[in-house]
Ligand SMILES: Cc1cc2nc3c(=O)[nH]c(=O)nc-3n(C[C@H](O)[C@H](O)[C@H](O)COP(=O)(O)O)c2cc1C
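To begin, one chain is listed below as structure tokens, in the form predicted on its own.
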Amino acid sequence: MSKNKLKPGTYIFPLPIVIVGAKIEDKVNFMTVAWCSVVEIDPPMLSISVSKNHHTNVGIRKNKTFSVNIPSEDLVKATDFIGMKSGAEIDKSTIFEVFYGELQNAPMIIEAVLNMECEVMNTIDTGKGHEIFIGQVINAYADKKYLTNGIPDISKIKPLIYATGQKSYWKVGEKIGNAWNIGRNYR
């Protein structure tokens, strides 16, 4: 077997698509982000990596809060649209129906299947044009129809995923096994 040498890149498949919400000068703004990851489980923490020149960063830096909204396959067009347009150029406050939780500067999207309001714990400047915001999840919200035994169910949520390099959206496939179980008798 021979391996082809590739140009160095961030070939992580798949990436979750999230919609990040923030308030900028009392106006709601949203942006599409594919660089979102789990940082800690207890307390629950997420990271988002966002270009420094994005309008949303202004609100995150000022308010020290942001929301992470999980769109389903049904929101692919709206999700793509807000990722192509800057809140500095257009008003995104009427694209979605908005609600707030405990953090009053972290607008969340009613149409999204899962929402998390986050308080910024740390900001890291990558020195290469991006900032990584690490936020503690203060509260999470979902409609009952997207839960199984009180836990968000990927088969019900039908999240959007992104393929780096191919610049394309995908949907989740089928379950192939249980984690911490399927490999139990590997050897």
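In this text, residue numbers run from 1 along the sequence as written. Please read all numbers here as calculations on a predicted model, not as lab measurements.
FYI, the form predicted in complex with the named molecule isn't displayed, but the following is about it.
Contact check for Ile109: every heavy atom lies farther than 4.5 Å from the named molecule in the predicted bound form. Taking the partner from elsewhere, Glu73 is found to have every heavy atom lying beyond 4.5 Å of the named molecule in the predicted bound form. The named molecule in the predicted bound form is not approached by Gly101, whose heavy atoms all lie more than 4.5 angstroms from it. For Tyr162, a non-hydrogen atom is located within 4.5 Å of the named molecule in the predicted bound form, even though that partner is not displayed. If you check the named molecule in the predicted bound form, you find no heavy atom from any of Lys64, Asn122 and Gln136 within 4.5 Å. The chain is drawn here without the named molecule; in the predicted bound form, the stretch among 37-45, 65-73, 144-152, 51-59 whose residues come within 4.5 Å of it by any heavy atom is 51-59. In the predicted bound form, the named molecule lies within 4.5 angstroms of a heavy atom of only one residue of 106-130, namely His130.
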